[in-house]
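Have a look below at one chain only, the form predicted on its own, in structure tokens format.
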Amino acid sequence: MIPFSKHSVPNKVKKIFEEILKTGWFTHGKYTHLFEKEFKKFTKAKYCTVVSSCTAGLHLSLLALDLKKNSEILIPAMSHTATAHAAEYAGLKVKFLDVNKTTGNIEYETVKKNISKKTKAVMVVHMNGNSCEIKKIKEICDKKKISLIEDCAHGLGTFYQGRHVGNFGVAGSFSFYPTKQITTGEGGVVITNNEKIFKKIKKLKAFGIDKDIRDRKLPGKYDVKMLGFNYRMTELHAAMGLLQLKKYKSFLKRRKQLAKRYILNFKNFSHLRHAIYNKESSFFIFPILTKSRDKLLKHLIKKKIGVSIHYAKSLPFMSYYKKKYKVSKNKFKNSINYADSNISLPVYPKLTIRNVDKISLEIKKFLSEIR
């Protein structure tokens, strides 16, 4: 069996968990601080705060913008439902945009074409660890005075022209879900280079309380000046993330080696499509596109090869959004095609070259035989 995903949490985490359990300090502790410090160092962001999930981070980032209710936000049609949900939580009106047919990413020209006087924000997604055209999108957002938020759930280790994603918009949110490049079980982080946004998110994630627990002159004495949420991360989660983040550069190097191997194995193979190699991609997963997706998926599962789909239905056609926004399929041809044809192949650090060769061979053999 080749699993789709396999975590790389060091055994040392058990010892640290025991330490945390003995101290009884489960939130706001040293590991939370160290994890934030290390993440800030890796991404070169000015500010960083951990949260309970990437979804929470996106929600808080949008709330920190202080947009009026029902303000329009542009969002790619191809993403996890959390992207659009965060906008809905914030009381915004979503306008979905079609994506690139191969990468699944939102494109600059599509953003430019759809910006109107109603548009107050744009949320981009760096699909599969490949950056979208973030610099050009930022430029037009700045020109039009539109807020830009980055959904970096797939984007840890992803760069654009030497700059880590999440640093282009007002804020960038990352995910540490079990299948992600590093995991905290559940959890996320928000980075920003805007001090005002950072301070607001920190308060919003902890009920709107005006003072951190370590900053209170008297225990339990604080004020609540805004309606906030309980979106904090625990010390246990932060410690788990910290240990992996310290080894992440080696994880990232390995992902790129495995991606190169897939690309080599699929060279001149015309029965599928895949993104080209990009040294700035983190290769969260390795996506392939084929018209025989469902048949191939069943075959790989039968062969005990772990695979997934990112994602099987584009957001405008999820029942909730389909009922609410009633969009036309004609405007989302690329997104629909991508949803119907993509398969995510494993590319985690513990995967071997031999595993990649076996997966590649099974795919090529099966697609060649059913033609």
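Since we're looking at a predicted model, the values are computed, not measured. Start at 1 with the first residue shown and count on from there.
Here the subject shifts to the form predicted together with a small molecule, a form of this protein not shown in this document.
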Assert contact residue (the small molecule, in the predicted complex, non-hydrogen atom within 4.5 Å, options Leu242, Leu74, Ala153, Ile182) equals Ala153
Between the options Ser335, Thr49, Asn342, Thr55, which residue brings a heavy atom to within 4.5 Å of the small molecule in the predicted complex? Thr55
Want to guess which of 207 to 215, 110 to 118, 173 to 181, 272 to 280 is within 4.5 Å of the small molecule in the predicted complex, heavy atoms only? 173 to 181
Is it true that Ser79, Val125 and Gly187 each have at least one non-hydrogen atom within 4.5 Å of the small molecule in the predicted complex? yes
Is it the case that Thr83, even though its partner is missing from this view, gets within 4.5 Å of the small molecule in the predicted complex, heavy atoms only? yes
Does any part of Tyr311 reach within 4.5 Å of the small molecule in the predicted complex? Heavy atoms only, please. yes
